[in-house]
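Starting off, we have a lone chain in the form predicted on its own, written out as structure tokens.
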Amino acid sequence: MTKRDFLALEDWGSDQVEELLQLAARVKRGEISGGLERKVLAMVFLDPSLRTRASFEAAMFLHGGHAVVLEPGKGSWSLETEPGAVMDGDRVEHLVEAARVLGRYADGLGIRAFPRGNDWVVARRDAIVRDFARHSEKPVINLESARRHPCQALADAMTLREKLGETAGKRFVLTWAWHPKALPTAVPASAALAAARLGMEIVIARPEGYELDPEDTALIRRIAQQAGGEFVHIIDDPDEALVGADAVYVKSWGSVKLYGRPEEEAAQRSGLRDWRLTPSRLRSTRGSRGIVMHCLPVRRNVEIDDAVLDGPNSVVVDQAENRLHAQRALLLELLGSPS
């Protein structure tokens, strides 16, 4: 049987994503137990995690399975990820053997690898995650890479449905926020793709110079149109963007144009601290009731004000909870039995 990887939401068809979301709702309602008995998920974290690690470990336990967590260089051998590398340095194990061996021990693999290097053309290929998938005989799940965070996208779609009901035609605003570091574009691109799948009107608000990867923007537009939604426009004004929003997704990301040039990127973002979700801006949403989303962790009073995060519009904790339920459904689909 051909294995199925989960590397990007767009790799799965609309019907397949819909089935996952329906299964996640059933799981959350307590209608399904078991299904992963004697199954093992091996997770390789090349970068830090709280929600992803905890939710996947909990998901495996809740359905009778077991999770193995590896942090290369911290308790397991340091990992070489470059093809053709001459390994005469401090990296002990190559990705090829790691993927092949873990595929013999476990029923599925999860990989987290943030962007590396100084060239966006190279980083955007998501080579580490895709090389694990190429060399593993078992399904591979992307736990966040340079370009995509599909598990977060599933939870985002689930949350939008729970909070808004019928999503078709409702306005989803992805708004950039200032942050002291240049972060990957994986979450914002994946969140917009999830909203596009739901047939929503998509608005992206960002300062000039902080456009998403052009291919990702084109993909968001195409998927929105296929789902009966609309890519309304891209706005460079944080106040104008929020007018009439049903959902506001706040997230920082680094400049793709200045990727690998940290000093220039830092100088460009230095004057943009006003890009923050405040109570006054929130009042511009539809009936002042637009839901506020963020993948977490969030920099309080930097990305979003305390009054917003702790207020009635915020759904960030519900959103984080849905990581667990969406991933339970995903694991049942990939490794076990969802019946």
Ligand code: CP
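Remember, it's a predicted structure, so these values are computed and weren't measured experimentally. From 1 onward, residues are counted along the sequence shown.
Below: the form predicted together with the named molecule, not depicted.
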Q: Tell me, yes or no, whether P48 is in contact with the named molecule in the predicted complex, where a contact means a heavy atom of each within 4.5 Å.
A: yes
(Q) At 4.5 Å between heavy atoms, is P297 in contact with the named molecule in the predicted complex? (A) yes
Q.
Given that the named molecule is not shown alongside this chain, does R269 nevertheless sit within 4.5 Å of it in the predicted complex, heavy atom to heavy atom?
A. no
Q) If you check in the predicted complex, is Q152 within 4.5 Å of the named molecule, heavy atoms only? A) yes
Q) Which among 50-58, 304-312, 274-282, 33-41 is in contact with the named molecule in the predicted complex, heavy atoms within 4.5 angstroms? A) 50-58
Q: Work out which of R112, R197, R148, R206 lies within 4.5 Å of the named molecule in the predicted complex, going by heavy atoms.
A: R112
